[in-house]
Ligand SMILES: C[S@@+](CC[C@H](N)C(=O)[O-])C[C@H]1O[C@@H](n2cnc3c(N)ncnc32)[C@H](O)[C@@H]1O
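To begin, one chain is listed below as C-alpha cells, in the form predicted alone.
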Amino acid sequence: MTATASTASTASMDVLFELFDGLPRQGPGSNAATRRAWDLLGAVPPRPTVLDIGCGSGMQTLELARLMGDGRIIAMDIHQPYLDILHRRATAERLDGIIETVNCSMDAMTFAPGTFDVIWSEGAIYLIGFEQGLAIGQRLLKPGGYLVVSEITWFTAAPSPELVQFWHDEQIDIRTEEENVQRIDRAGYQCLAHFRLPQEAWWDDFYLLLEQKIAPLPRKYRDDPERLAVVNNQQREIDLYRAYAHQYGYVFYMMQRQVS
C-alpha cells in the first residue's frame, strides 16, 4: 500500500506485486462501504459513465457495476495482471459489457474534459496526492458530476509521533477529516457526506490475508536487503494499524462538482 511507482525501484515493486497478487483487494475497503458510498450520491444519471482510478483487481468495480445495472465503467490500473483478473470476473458475472479495463497511470490520462458522470477511487488517490486528485476530478467530471474517494485520514489532531514518522517516510500527506473537507470546498466541490471505514474493512479482505503472504518472505529474502526491507515495511504498516487504529484510517468522501 505504501510504495508508489515513482518512488519504488523495480525490485521493490516486484515484491509489492508478489504480496498483493491474489488478494481480493489491494487496499482497505468492503462491498458494504462501496454500496454505502454509492447510496449517498443521490441522483446519479441513468446509464452513467464512471471512471474507477486505481481499480486493482476490481472488487469495488464489480460492485459498482452491480449497483448501476447499466452504463459504462472504465477501470484503470497500471498492473495488467489485476486488469486481467477483473476482466475474467466481469465476464463470469456477465458484467463485461459494462466494464472496460485500461492500463494507464493516473498522470498519463488523456480523457476529454467533462467525460464522466462519476469518478471513483478507493485507496489510490494518495499516489498522486489528494489535491491533485481533486483537480483531476474538476477537469474530467461533467458539471454536477460526482467524485468519490477513500483517503487515509487522521482521526485525531495529535497522532502518535511513531505514526507521523512512518507515514512521513512513506511520503504520504495525511490530514484530518476537517482539513480534507476544507480542501474539497476550496477545490469547487460540495462535500455531500463522509464516513470512516470500519476496522474490519482493513482486516477481512486485506491485512489478515496480506500477513499470511508476508510470513514466509523474510526467510526467502534474508540475503536480499532491498526486498527484505519492503517485506518488513509492509509488516510494520500492519503492526502500526493494529496498535493505532483509533488514530487513523480510511475515510470515504462523497462530493459533487459544483455547476458554475
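Heads up: residue numbers just count along the shown sequence, starting at 1. Computed from a prediction, not measured in an experiment: that's the story for all the values here.
There is another form of this protein, the form predicted in complex with this ligand, and it is not shown here; the text below is about that form.
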This ligand: the contacting residue among I85, I78, V181, A187 in the model of the complex [heavy atom, 4.5 Å]: I78
Scan T115, T176, S105, S160 and let me know which has any heavy atom within 4.5 Å of this ligand in the model of the complex. S105
Against this ligand in the model of the complex, would P48 count as a contact residue? Criterion: heavy atoms within 4.5 Å. no
Applying a 4.5 Å heavy atom distance criterion, does G133 contact this ligand in the model of the complex? no
Quick one: does Y126 come within 4.5 Å of this ligand in the model of the complex, counting heavy atoms only? yes
Taking heavy atoms only, is C55 within 4.5 angstroms of this ligand in the model of the complex? yes
Quick one: which of 67-75, 92-100, 163-171, 116-124 gets within 4.5 Å of this ligand in the model of the complex, going by heavy atoms? 116-124
